[in-house]
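Shown below, as structure tokens, is a lone chain in the form predicted alone; questions about how it binds or moves come after it.
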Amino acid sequence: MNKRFLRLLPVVIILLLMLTGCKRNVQPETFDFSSIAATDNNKETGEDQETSSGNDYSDYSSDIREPSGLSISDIPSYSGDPYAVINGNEPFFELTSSTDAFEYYGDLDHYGRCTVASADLGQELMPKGKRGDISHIRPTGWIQSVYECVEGGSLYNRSHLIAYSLAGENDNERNLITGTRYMNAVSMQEFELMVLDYIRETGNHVLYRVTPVFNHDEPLARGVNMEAYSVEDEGDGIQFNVFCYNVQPDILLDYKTGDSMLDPDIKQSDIKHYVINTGSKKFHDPSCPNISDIKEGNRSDFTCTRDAITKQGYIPCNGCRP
């Protein structure tokens, strides 16, 4: 009996080990999604990105990452001004006191169009180098044309929703739309420089969202809704909600295709030749003696109406008074 038990003992031990679950303990890997809450869809910077566990901004970051919801019916008809104030200049997004910098670029819609770009801007997001080439990006509605009444000649720019100077985003197709030179360099730039100067001077943060507004399935945006709110001073430094029109003086746009043409209603007698100084932002009659003082790199010729050149930010020379 004892010998039989001894012979069976190893078998009994093995069975007991199997029954008690004596096996390698393998746990499934876990991932802390909170660690990427502020850096989802960020660009690669080559530096470690820090996140803060002290602020809970999941609610507002979700809100600000959605398009503003502004529709064509909410926008005043274009009447000659480069932009219109929306909602009493108060942003639509949820406000917060968080200073955790982040940037977000929404996915393209099923027409291939940009949807939204948002950020909590700060000096930590600003670029440390020059912008790279973006000519390989072809946003929807891109049918380029050259006109003598457009500064630089080219009608369209690849317009960053969040300017490169603010977040260092270069050739991200989710951040580039087809915008007129006028919208890009006049109306949008006014607000971009306002935010840029504020952040540089104060070191504070600005909640920021830009939403392109399209009409139905049109590939060319009617304009962009720009919203901003300075965090640390609760909007005292920066607060705006504006719609910048995607238009170009003297030019008619076909938003269904991106095609363009000179406005046929303009009288030929109103179109004149001017010489501009891109440095001083003045325009001159071609006979003006002050033209000889313009640096070669700052001189350009315009053939357009006087209204078109003044809308693009130029003022008449005090000498020739064109």
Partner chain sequence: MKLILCLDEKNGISFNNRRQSRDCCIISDICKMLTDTGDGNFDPPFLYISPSSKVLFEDSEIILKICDDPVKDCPRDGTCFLECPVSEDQIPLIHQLVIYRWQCSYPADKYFSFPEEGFEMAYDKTIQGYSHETIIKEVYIKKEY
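Quick caveat: nothing in here was measured; it's all calculated off a predicted structure. Residue numbers count along the first chain shown, from 1.
From this point on, the text means the form predicted in complex with the partner chain, which you will not see here.
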Answer range among 161-169, 190-198, 69-77, 140-148 for contact with the partner chain, defined in the predicted complex as heavy atoms within 4.5 Å: 190-198
Listed residue (157, 96, 239, 115) with a non-hydrogen atom within 4.5 angstroms of the partner chain in the predicted complex: 239
Position in contact with the partner chain when the complex is considered in the predicted complex, options 249, 106, 235, 122, heavy atoms within 4.5 Å: 235
Residue 89, heavy atom within 4.5 angstroms of the partner chain in the predicted complex: yes
is_contact(residue 273, the partner chain) in the predicted complex, heavy atom dist at most 4.5 Å: no
Residue contact check: residue 215 to the partner chain in the predicted complex, 4.5 Å heavy atom: no
Touches the partner chain in the predicted complex: residue 85 (any heavy atom, 4.5 Å): yes
In the predicted complex, residues of 213-231 near the partner chain [heavy atom within 4.5 Å]: none
